[in-house]
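Only one chain is included here, represented as structure tokens and corresponding to the form predicted on its own.
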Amino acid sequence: MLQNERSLEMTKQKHQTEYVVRCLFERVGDASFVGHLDLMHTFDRAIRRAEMPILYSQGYNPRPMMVFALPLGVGIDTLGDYVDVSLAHVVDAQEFMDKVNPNLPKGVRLYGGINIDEPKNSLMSVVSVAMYRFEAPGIKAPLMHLFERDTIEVQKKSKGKIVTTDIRPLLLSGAQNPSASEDVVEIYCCAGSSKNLRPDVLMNALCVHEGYDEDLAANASVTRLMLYGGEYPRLIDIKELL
């Protein structure tokens, strides 16, 4: 069979019905230094070891059918990220988590799972807002001062070129932080495939515009607390965006 004939046959394969388990997960401690691709492999191995009927993409290079809401940067903890796992048949979400969690490494845990039929919307497409917590000496005041600026220009590398962009529209609000500490601040910012503010870009802006110490910024503890859909301030629980 010729190459183009084989390719045509691959496109004719029967559609796989997906039974999706949507779970929140946390990645903390040493596990936060696991890169996104390695995290995907980690979940894939844990699911297979738990003998869950995970589906794989069709074609010459099958891949586990898992969708993460938003890739995490290395060194960033998360307490509320989402992953969709497609299964060949229905498995109760609680049973899925109970069997997979013991196979995950320390610092990674699934929780808050629900069962859904084939999603109408891609998980990545519904994410619009992220809530972050930053912890570093004296970080609250200068970070809150950024919100008072009309523009916050930063230089970013894009397609091999250095471009200047204004990240002020991506900063949404400082959260009501129960801690009175000047070393802790929580914020809402744009996140997702269309508009996204990376914590490292924000830390760079803090140093450039507010004179915050670069070493303190580099060693700041960053935690993604939760992801949301909708438009700020009318945030929507992603579990409702099926």
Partner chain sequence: MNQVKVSRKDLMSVESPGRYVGGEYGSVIKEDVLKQLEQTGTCKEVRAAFCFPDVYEIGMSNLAMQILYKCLNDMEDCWCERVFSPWVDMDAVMRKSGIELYSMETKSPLRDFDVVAFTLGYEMCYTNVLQMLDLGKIPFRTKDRKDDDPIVMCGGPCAYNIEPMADFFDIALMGEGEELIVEVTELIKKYKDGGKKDRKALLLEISKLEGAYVPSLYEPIYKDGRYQGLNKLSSEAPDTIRKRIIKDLDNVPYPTKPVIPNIRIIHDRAYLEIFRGCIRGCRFCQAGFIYRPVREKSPETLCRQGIEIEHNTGYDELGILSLSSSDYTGLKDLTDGLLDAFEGRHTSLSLPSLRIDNFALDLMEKVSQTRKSGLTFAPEAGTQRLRDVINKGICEEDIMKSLKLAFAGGWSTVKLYFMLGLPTETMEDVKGIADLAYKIEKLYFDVCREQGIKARKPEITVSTSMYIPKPFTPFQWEKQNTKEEFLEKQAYLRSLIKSRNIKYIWHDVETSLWESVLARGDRRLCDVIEAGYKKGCFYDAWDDHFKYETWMETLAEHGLTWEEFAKGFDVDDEHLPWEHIDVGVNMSFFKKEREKAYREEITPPCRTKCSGCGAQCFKVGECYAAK
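Residue numbers count along the first chain shown, from 1. This is a predicted model, so every value here is computed, not measured.
Omitted from view is the form predicted together with its partner chain, to which the following refers.
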- With its partner chain left out of view, which of V126, M97, L104, I139 would have a heavy atom within 4.5 Å of it in the predicted bound form? L104
- Item | Listed residue that, although its partner chain is not shown, lies within 4.5 Å of it in the predicted bound form (heavy atoms), from L227, C23, V20, A220 | A220
- Message: My question is simply whether H41 lines the interface with its partner chain in the predicted bound form - judged by any non-hydrogen atom within 4.5 Å.
- Response: yes
- Message: At 4.5 Å between heavy atoms, is E182 in contact with its partner chain in the predicted bound form?
- Response: no
- Query: Is P53 close enough to touch its partner chain in the predicted bound form, meaning at least one heavy atom pair within 4.5 Å?
  - Reply: no
- Given that the partner is absent here, does V74 sit within 4.5 Å of its partner chain in the predicted bound form, heavy atoms only? yes
- Message: Need the contact residues for 41 to 63: heavy atom within 4.5 Å of its partner chain in the predicted bound form, sequence order, or none if there are none.
- Response: H41, T42, R45, R48, R49, E51, Y56, Y60, P62
